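One chain comes next, on its own, written out as structure tokens in the form predicted alone.
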């Protein structure tokens, strides 16, 4: 890969360029022990060149709510989908609330383009038109309820598998609730995950060169240390530092994606002294062979957690059987055909999600661009044969594997909404885009700098254009294009 440094189009990743808050605002509940863990992590001799600073922004009211959530999950009180495929009771209330508070839906009702006559909101979810990432990109503010205070809003970036890049407004409590959910899921696997003063509670592990990395503590988890790291060599001062820091942190849980998971397995093969309680893979499809390898390398549960940044966790496969069971959140899953109609149970279609967990972005019938068959496992809804974003990497001119998330960062920064980036078996790379979509020539130049290879330009055919939310694909015919 080229060593030309950060591509100018990715200026948002300039180290510490997005870190603006003081620590007392990042962690309003920070105590002395947590502050010391944070200092030790930031100043660890093997620490990377941190590129960001990020806290949880939780307050005491959030902790009470998270405790109540944990208790509700433990008691199984009402967060699972109802039996028999019925729509959860909260969905109808959400349909009414969103049409009363979200500008986009208020406008649709007012203009008579949604609901019944006389400015009435729809009565049923089935009467709500599905939306896609392109709708969020075009009018994100239209989806944010007007009655939710924005003083503590956090920003999360999402590349996803379809549509353009997106900055997602997140509520601190909704993010922390994902850890509560994860503890509940691990409990179901026989893993008790409790805060430790000696180990990091969580490491979020990446592998791409352009990434926000930071040290943190988790206020809702005993102020245990947490870090977001990338294994890419460019992030570290010395080659041995990544392994040294991971061994020093000995994280209880590692949340990652397939490519860095493969590298973590490489470290285990090399004798790294790591003892995770569990591994969690998300963001891209987890190959079965890699899951087996990780299970054998560490001897712990490997959760394949499906979700999008916009929706949060949707479903989980804990046993490698290939069926993702919908998690106990306020998330309702449908499988629709291209016209937006529900397909029969067991028939493949697009996964569409309705979710009410993030107060800043409740979503009604959100198209994911992923496909699956809706089935039931133990009476609970589940996704069989889920086909999401594959984990793909291209081979650079210097022989380095470049994850598709890295090329996606570049392409979306140049305004492309749909593309097919392909490397053939001879190593030749071609970028196909939609006519008039973004700056394809500039995107090609960025790719050539990144890969150190010539990149040909082409045009997506009709099949690649997609209906409203065009596909974004990266494929590679070379051996080793998928993690193993």
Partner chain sequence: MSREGPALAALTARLAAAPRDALDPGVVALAVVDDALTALGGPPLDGALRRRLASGPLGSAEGRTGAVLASWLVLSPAWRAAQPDPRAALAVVEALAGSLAPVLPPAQWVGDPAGREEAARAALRAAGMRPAGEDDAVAEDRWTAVSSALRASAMAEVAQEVRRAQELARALAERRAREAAAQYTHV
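Positions refer to the first chain, counted from 1. Please read all numbers here as calculations on a predicted model, not as lab measurements.
One more form of this protein should be noted, the form predicted together with the partner chain, which is absent from this view; the next part is about it.
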Can all three of 57, 182 and 228 be found with a heavy atom no more than 4.5 Å from the partner chain in the predicted bound form?
-> yes
In this chain shown alone, the residue from 75, 86, 146, 270 with a heavy atom within 4.5 Å of the partner chain in the predicted bound form is 146
Scan 137, 141, 71, 248 and let me know which has any heavy atom within 4.5 Å of the partner chain in the predicted bound form.
-> 141
Wondering, does residue 348 line up within 4.5 Å of the partner chain in the predicted bound form on heavy atoms?
-> no
4.5 Å heavy atom contact, residue 263 and the partner chain in the predicted bound form | no
Residue contact check: residue 41 to the partner chain in the predicted bound form, 4.5 Å heavy atom | no
Answer with yes or no whether residue 155 is in contact with the partner chain in the predicted bound form, where contact means some heavy atom within 4.5 Å.
-> yes
Taking the partner as it appears in the predicted bound form, which of 390-398, 237-245, 129-137, 201-209 has residues with heavy atoms within 4.5 Å of the partner chain?
-> 201-209
Taking the partner chain in the predicted bound form, which residues along 238-264 bring a heavy atom to within 4.5 Å of it?
-> 255, 256, 257
